[in-house]
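Structure 1 and structure 2, given next as structure tokens, are two forms of the same protein chain, each shown alone.
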Structure 1
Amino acid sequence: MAAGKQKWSFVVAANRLPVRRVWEGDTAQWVPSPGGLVSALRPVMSGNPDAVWAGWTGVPGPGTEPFEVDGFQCHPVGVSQGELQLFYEGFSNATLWPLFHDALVPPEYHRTWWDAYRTVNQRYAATVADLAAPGATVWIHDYHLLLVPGLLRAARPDLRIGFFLHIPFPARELYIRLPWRAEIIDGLLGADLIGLQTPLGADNFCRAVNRITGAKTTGRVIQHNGRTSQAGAFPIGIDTDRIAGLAADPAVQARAAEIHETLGSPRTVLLGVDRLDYTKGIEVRLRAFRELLAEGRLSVDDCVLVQIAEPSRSQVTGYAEVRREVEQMVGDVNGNFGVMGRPVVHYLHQSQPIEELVAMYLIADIMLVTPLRDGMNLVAKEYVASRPDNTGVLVLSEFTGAAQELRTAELINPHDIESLKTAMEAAAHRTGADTVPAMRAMRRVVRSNTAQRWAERFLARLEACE
């Protein structure tokens, strides 16, 4: 049977394939992508002859021939350069992303963006319909593909369809601002099971369904157009074994010692690791750090802040402004409080390999995870998983999904700069022994809710759907 005609009993659809293109000289090759979703689905998909992943390669243009990387069967879906601007940079990331993150910046509503979004979703749905065997299980992921479940249900009513939203679902009062609110709800209700990161997200979704469709909901079971859909909370985890293994790797530990020495061997290292995004609260934590230094509550003699800001969506409106603000603030703090050859803030606007991140986790006495809004935030969980001696303090925003599980973190309101300053100052003056009970409790949670366990729970619940 030709590869293009093969039918699959398990199909994953996501905006991106689980691979990225790496160049070595003039030669490009595909390698597995890092990230929680790839880790979570590896046990289900890698080497499974009945599983395929449909998504975009990250390279604009028509879809290419299917290929395999590290046991993942990949079926590319084409997205043109024009569609990339309208569907991805436009509707996905300048309409849905801000709206679903509590409208921290005003969402933009453009009919041309919506038209492109619908077109690309139709393409994904048609691709999956062609790939799926009779009665197959399909798992669709995230806000780029909200219409796919409904489109796929109309084309293939025999399929078992799950959908998972990796970002927050907003309060009903925010969601109903969306001009295409009914179309997206109809799209999502094509799924048998709609998974969200938190109970609040699941409840927000059900309230929006009730407001827009009038559908009967019992708990989180939704009756609509003669069908039953369920919503549920499934907080995603990380590959804890991988992070713990790296933390125990002598090469990573040696790199951690090298970084610490490069920083001037400070008594206290504060660390932030984020995508450069207005939702992440990077400016707030920099402002808090600056005020603590100015007030003499922290000292440049024994404190250093390391901020990793990975490049993100540089073409989307507003992201260049966020970068300017962050970099101006870094310059301001260093200009006012640094000394020659020893900045007080070390700022890197670049992606880091996971080995380098774990080395930084190892030296971080305080981990600052302070988004204004976040679906989960896996950095918080990675930090916890990398602390085998149970030391370290996690300062964590209440408005992350992770805060629902990591209850012994220093939970703060990132909109309240004084509470953030208080938490940072208190963390800087804790001894190692003081941090052990809280970190030990968080490590138990992270170890018990891994990425693989998350996938198993979701798929078992999907299988049980009537």
Structure 2
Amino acid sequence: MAAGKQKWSFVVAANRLPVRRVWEGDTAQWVPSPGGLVSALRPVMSGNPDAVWAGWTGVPGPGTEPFEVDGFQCHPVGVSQGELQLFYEGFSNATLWPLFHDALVPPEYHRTWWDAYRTVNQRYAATVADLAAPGATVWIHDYHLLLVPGLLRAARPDLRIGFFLHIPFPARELYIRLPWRAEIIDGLLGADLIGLQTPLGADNFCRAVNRITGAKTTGRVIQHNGRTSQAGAFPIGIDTDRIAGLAADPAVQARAAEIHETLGSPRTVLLGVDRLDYTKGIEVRLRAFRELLAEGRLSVDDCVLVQIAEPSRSQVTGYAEVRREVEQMVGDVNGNFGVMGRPVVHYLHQSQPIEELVAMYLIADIMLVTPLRDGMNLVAKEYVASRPDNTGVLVLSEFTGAAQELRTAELINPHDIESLKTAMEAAAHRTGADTVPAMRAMRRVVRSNTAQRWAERFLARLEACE
């Protein structure tokens, strides 16, 4: 069934649709969008005849006809080439993204970017207002659409509106640098429920609201302009059953064995899987690895590092630079420590299907998740879900949302290279059996907070909002 002019009782809006359009020569196909949102929402969206997803196809141009793919009803929202530069690459990814990630690169503030951001947010709000049935529930996602709750509330006061921020909400001292800080807070307060990844994120948000609007906040209940909104921490999970199913799949296991052999059957495989982003700390872990090899604390005879870096936002400031730095370090480590036919770092700047990633998780003795800042980091959770024998070490940055839940990971400060090196060296010298209690505890956490439970918890709280 096509979405058509139908009205829907559940509407999701996100920058991207669950699928994006990819052209290979003359042939176009839909491939899953990057990130964890699709698997998180699949249980409440896919096959649900009352639900529609509004978003961008990944191709600049006017919105196309609604369509159905993989059980999702999709309603494309058009984003022009100019808006792509100003709204997506500009305000979303060169203003908000760095600011909300502790200003790891300096955020840029441009009025033309802000104008385009407002225009695209107005378009999303108008689209959702048109799609939503009377009294419908709407769930808006992430930093690209911070104004939509307020715009939608003004157009459709009958709706129940939830918003979830997938990235960190920064400390108030950082947030208040934003020239449009008040407009964005007003936008968010159009929602009945504002979900953040962590309790710290929820507290940061409430402090910013308090400072900017003077609104009364009791706990995380906010009274502003005659309306009540609530903020809350809802740490997102993964589709644990799907990942565990893949880890148990004989074809994936055979592929894992094949990859291990291709790598030279090393005693220890270290793995990193990230979007190629300056927040992820890829260069930090490469530097630590290089120093450990140089100091003879790890040996090329028995260690291999595999780094998957998914191409991302290559037109945005900071991304080309981190790519250069990472690739220069990979070359440096291999040039200095590799042996003929056997590089010590295997680096792929390509996105990989989930089956291939799970095959890699299966052979990774050590998983390196070392972001300088990250809202959650679902790769950490996917690794844990892929370890049915309860072995393996997760080296995890304290500055990820995941570190709040996976307390038995090897928690490190990525700014402290010595602590990272110590954790990597210790992990390489542990036997599988040593790693079991910590991994078992993490697996309990990942099994109990799945993507499905996350969505159910958020939506139940949203339905309970007065």
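For clarity, every value in this text was computed on a predicted model and none was experimentally measured. Basically, rigid core = biggest C-alpha set you can superpose within 1.5 Å across the two forms. For numbering, take structure 1's sequence and count from 1.
> With both forms of the chain shown on their own, indicate which is the form predicted alone.
Here the form predicted alone corresponds to structure 1.
> Please determine whether the C-alpha atom of Arg444 is displaced by 2 Å or more between structure 1 and structure 2 following superposition on the rigid core.
No; Arg444 is a residue whose C-alpha shifts by less than 2 Å between structure 1 and structure 2 when the cores are overlaid.
> Core-aligned, what does the C-alpha of Gly25 shift between structure 1 and structure 2, expressed in angstrom?
Its C-alpha position differs by 6.1 Å.
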